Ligand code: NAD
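Single chain ahead, by itself, as structure tokens, in the form predicted alone.
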């Protein structure tokens, strides 16, 4: 240690100020643990607030407004062509994130949690070195415990290693420097489809290329189908079973070479967005000098109490495994703080909701059809089409459905999938039902307000319950006929 360097001693240091890190620190402070947060960014909030969840939803709201105005003519309300001020839209988006970030600063200040800017690197299992810190900030932090909440970053492809301002990752796309005339989105997952939705609404000709045979790989096909049908109308082209093999910059843009049965040999786009996933930020921070175990995917191995193999270090959020979702990180952060305070806390949640904020939205939680088949679990399934929903009809958005998966023997709700407007707002009821071990009857007898989209959950459960009753009645009749 260099003489004169300032070292700070704390009970707990949280590395990362994202949706897992700052809630962990705030909960720890509530429980009387002296803690600080170290984050490399000048403003707290992490990728979710500055480069992911929040800015993307701000832009998706703008896209929704544009699309709603365009479709209003179907019920006799007509608007002119929208005038899009990209600079004002960008400023509004930035204002949203800045306001939320300032709110985090205020909460931490009120709780007595110090935020230190700088890159944290582990020197051992008790010491962090702070690089690039502000004047007066400690150069080292000695801690009793640390919570690793370093998040993730976009995956890059070796075949797309070109250095060009025209080649974007999700962070670059959210910066919204301009609206390109043509945009290729590489990757048909939720990030690619959300950003494709934004740029298509703003006026870009969007093409999506996906290596697998369908959009949103891994998601049940019946939930994806209404979205895919809608995007076929909104996007210029969707190329499935297709791979990008090369990208070359020309005076007209980026010329992309494809490999796929129905794909063109090549095409030129003004910009290309690579959205093929994210990787954990577990490298380059000195974890090899600790006992933290990193798996083959780069995730820190943790137990249900978020503890790593190093007794002093816990890990939460994207760096600790799938699913890489902000709300999972928040829950883990609270668990980790409570564990360090000696409370009997664990990340033992039955359901983690997932939402794709496209138009229509897709949301699901608990067991899916795909998972049930892969695990050879026998489930019952019932669907309620939104074409039969009065509220969906009044919204001119009847292309959707709600699906309930349940145990045929106990009638316990195992999973729910929803596709349609505001699916992300509706899924929380299903998450609560699964967490509480609710049965179909619990959903059926719960009075839902009418007319609302939430009724579709009750209706799907009613369809499932009625089917089981018919089957039971049929069996009783057969047994009665067979009786002597």
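Positions refer to the first chain, counted from 1. The structure displayed is predicted, hence computed values, not measured ones.
Missing here is the form predicted in complex with nicotinamide-adenine-dinucleotide (NAD); even so, the following discussion is about that form.
Note on the interface: of 397-405, 106-114, 319-327, 260-268, the segment with non-hydrogen atoms within 4.5 angstroms of nicotinamide-adenine-dinucleotide (NAD) in the predicted bound form is 319-327. nicotinamide-adenine-dinucleotide (NAD) in the predicted bound form comes within 4.5 Å of no heavy atom belonging to residue 385. Taking the partner from elsewhere, residue 189 is found to have a heavy atom lying within 4.5 Å of nicotinamide-adenine-dinucleotide (NAD) in the predicted bound form.
Although the partner is absent from this view, residue 203 stays clear of nicotinamide-adenine-dinucleotide (NAD) in the predicted bound form, with no non-hydrogen atom inside 4.5 angstroms. Not displayed here, nicotinamide-adenine-dinucleotide (NAD) is kept clear of residue 413 by more than 4.5 Å at the level of heavy atoms in the predicted bound form. With the partner omitted from this view, the residue of 212, 171, 71, 349 that lies near nicotinamide-adenine-dinucleotide (NAD) in the predicted bound form is 212 [heavy atom within 4.5 Å]. Between nicotinamide-adenine-dinucleotide (NAD) and the residues 119, 278, 312, 90, the one pair within 4.5 Å by heavy atoms in the predicted bound form involves 278. In the predicted bound form, nicotinamide-adenine-dinucleotide (NAD) lies within 4.5 angstroms of a heavy atom of only one residue of 41-61, namely 57.
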